[in-house]
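Take a look at this single chain in structure tokens; it is the form predicted on its own.
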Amino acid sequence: MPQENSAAKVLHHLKQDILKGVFAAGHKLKMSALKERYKVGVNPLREALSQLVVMQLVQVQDQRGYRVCPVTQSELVDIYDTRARIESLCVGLAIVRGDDAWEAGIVAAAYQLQANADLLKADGDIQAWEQLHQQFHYSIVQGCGSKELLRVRLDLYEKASRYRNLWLQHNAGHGAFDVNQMEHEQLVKATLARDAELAKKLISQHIQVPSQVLRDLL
């Protein structure tokens, strides 16, 4: 049981470090360095790495070691196109099914995101803002009432994290980031107005922005 707990913990932390860009695409994951960083033995590490291989975040190199999977244009386009379709579906259902508490949650999450946007532009904590960003978008889609849709949506959100962090590194504090914030405001207005068609169009366009920008970088 202790080993299972250790494997679960290192899986969580290593996965987050990869998604946040602590370990960049293509980075060689040395077992000795990972043992020191996460304070665990070889077996829990190997188990965690094996699961990350299945998640397509880590790849095995000629049976000699592990490396963070590269970021590619083809994966970028596939992930963001699929995300836009799933998010649009969730938003449409949320507008139909959401109640007053759902609306209040959107307003609260939007306020927190906007209040911290200025901190980000002043060299704040990008990851702290990203957590609020995730909470904002989740506040909208959670009204869809489908656990399965939300599970699929979360998986895609996580897979897009490495690309979204690249976008943030190049755009935080710049004009593109201000546009991103204005898109959030437009999305909130359309959602609270229960304008499903407009909200679905806005969320689809909003999600695709990083993909369009990053294609040139990759």
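One-based numbering along the sequence shown. Take the two forms, superpose them, and find the largest set of C-alpha atoms that agree within 1.5 Å; that set is the rigid core. What you are looking at is a predicted structure, and each value in this text was computed from that prediction instead of being measured.
Keep in mind that the form predicted in complex with another copy of the chain is missing from the display, and what follows is about it.
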From 93, 117, 132, 126: within 4.5 Å of another copy of the chain in the predicted bound form by heavy atoms is 93
What is the one choice in 43, 59, 169, 181 with a heavy atom within 4.5 Å of another copy of the chain in the predicted bound form? 43
Given another copy of the chain in the predicted bound form, answer whether the residues 54, 86 and 152 all have a heavy atom inside 4.5 Å of it. yes
How about residue 186 - does it come within 4.5 Å of another copy of the chain in the predicted bound form, if we only consider non-hydrogen atoms? no
Please check if residue 142 has a heavy atom lying within 4.5 Å of any heavy atom of another copy of the chain in the predicted bound form. no
Would you please decide whether residue 156 lies within 4.5 angstroms of another copy of the chain in the predicted bound form, comparing each non-hydrogen atom pair? yes
Does any heavy atom of residue 38 come within 4.5 Å of a heavy atom of another copy of the chain in the predicted bound form? no
Could you run down 71-105 and flag each residue that has a heavy atom within 4.5 Å of another copy of the chain in the predicted bound form? 75, 78, 79, 81, 82, 85, 86, 89, 93, 97
Rigid core fit then residue 188 CA moved by 2 Å or more between the shown form and the other one: no
With both forms fitted on the core, give yes or no for whether the Cα of residue 66 moves by 2 angstroms or more between the shown form and the other one. yes
Comparing between the shown form and the other one on the rigid core: C-alpha of residue 154 shifted by 2 Å or more? no
